[in-house]
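Considered here are two forms of the same protein chain, supplied as structure tokens in two stand-alone entries, structure 1 and structure 2.
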Structure 1
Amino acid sequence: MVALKMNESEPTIFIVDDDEAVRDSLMLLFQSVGMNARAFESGEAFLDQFSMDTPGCLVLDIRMPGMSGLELQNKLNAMHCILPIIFITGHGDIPMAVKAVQSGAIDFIQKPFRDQDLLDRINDAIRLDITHRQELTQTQQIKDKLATLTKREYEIIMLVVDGCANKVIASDLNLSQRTVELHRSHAMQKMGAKSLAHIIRMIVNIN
């Protein structure tokens, strides 16, 4: 395993393959294109050492002694780990490939592969992971902001997003129209929403 400085935020390619030479050559390949990579000789070792917070993707061998690639995939799914998986396999058998993709694998590549194909898939996967993570962060941020609203502000914002006019809300909640307007603008401020359309997008996003 080539020791590379781990950078939490920098996308990392995780390699899990029991074959030393395969691991080593992959490390060299990723190094040659300046990508961050870490290699593990087994699923167990990977589970032991990886961090869910590191973005990137997993290049996973199917057939390994001990925990198989598919088993590792299931474990990660059960942990709600969203790391995209690209399987690489020496002898592809169809049911395995079907299973892998059904369980969410990005791709299933046969060994030996063209380096560019693998790199392309990896880049796709990493991009996907980053977007995915960003989306997750965004929804989290929205959720966090929503949590800062008072009960009344929350009530009013939800009705606004549902398309109710201030007048309707006021009568519904038995408030003055002025009060509704005040709460609404406070809420919009707290949420950092610049327009009605913006707040609607935020709420739809978290749902």
Structure 2
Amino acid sequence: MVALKMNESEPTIFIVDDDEAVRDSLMLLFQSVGMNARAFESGEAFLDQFSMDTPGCLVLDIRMPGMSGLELQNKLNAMHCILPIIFITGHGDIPMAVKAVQSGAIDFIQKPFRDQDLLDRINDAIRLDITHRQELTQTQQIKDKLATLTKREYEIIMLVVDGCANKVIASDLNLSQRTVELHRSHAMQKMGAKSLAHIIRMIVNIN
């Protein structure tokens, strides 16, 4: 899959709509308020250039020839994509829009809509996306640190998180208390944990 050639840290509004007039109108709107935007005429065109590393949100027409908005949403869900989706719907599409929200879309906006209403929802979506990406980054960093532990260090630190005292761990694993303390200390250093409360919070955050 080809990644978009842009600053991946800059939120981007992706517009997917088969109506050229709608795409042009939305591009002008977003550019007028200094937002970074890309427009696509179909779900297929969007998928060809989309990178999940690019933050932002997706403004998606629910009815399109070929791949519908709902079908594109399903494909993104199958890819475990976290990009927030705002559907653009006609009056008769409300039941479909409700189904889209049940499938993970964060909102839908009915035509005709006020520009400010759409901008407000997009700003909310971008803030949500940034929060989710920060949480995922922190989670992955913790997992990466856990992967550096030896099997024994991992075993002991998990028992520590479960509330077991060094003396109990030593008895359960048939080790000396000093050995348990050394493994625990090494694990804490590798994890970058400053205290017992810190390591517990780190582990809880990934579960």
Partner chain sequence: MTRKLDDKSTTLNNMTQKQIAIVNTNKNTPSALKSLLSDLGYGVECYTQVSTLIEITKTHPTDVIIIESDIANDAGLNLVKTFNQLVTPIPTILLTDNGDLLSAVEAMKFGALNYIEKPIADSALAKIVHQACS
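Structure 1 provides the reference sequence; residues are numbered from 1 along it. Heads up, when I say rigid core I mean the largest set of C-alphas that superpose within 1.5 Å between the two forms. Owing to the predicted nature of the structure, the values given are computational and were not obtained by experimental measurement.
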| property | result |
| --- | --- |
| Pair member which, unlike the other, is the form predicted in complex with the partner chain | 1 |
| Residue 71 C-alpha relocation of at least 2 Å between the two structures, rigid core basis | no |
| Rigid-core frame, C-alpha of residue 90, shift of 2 angstroms or more between the two structures | yes |
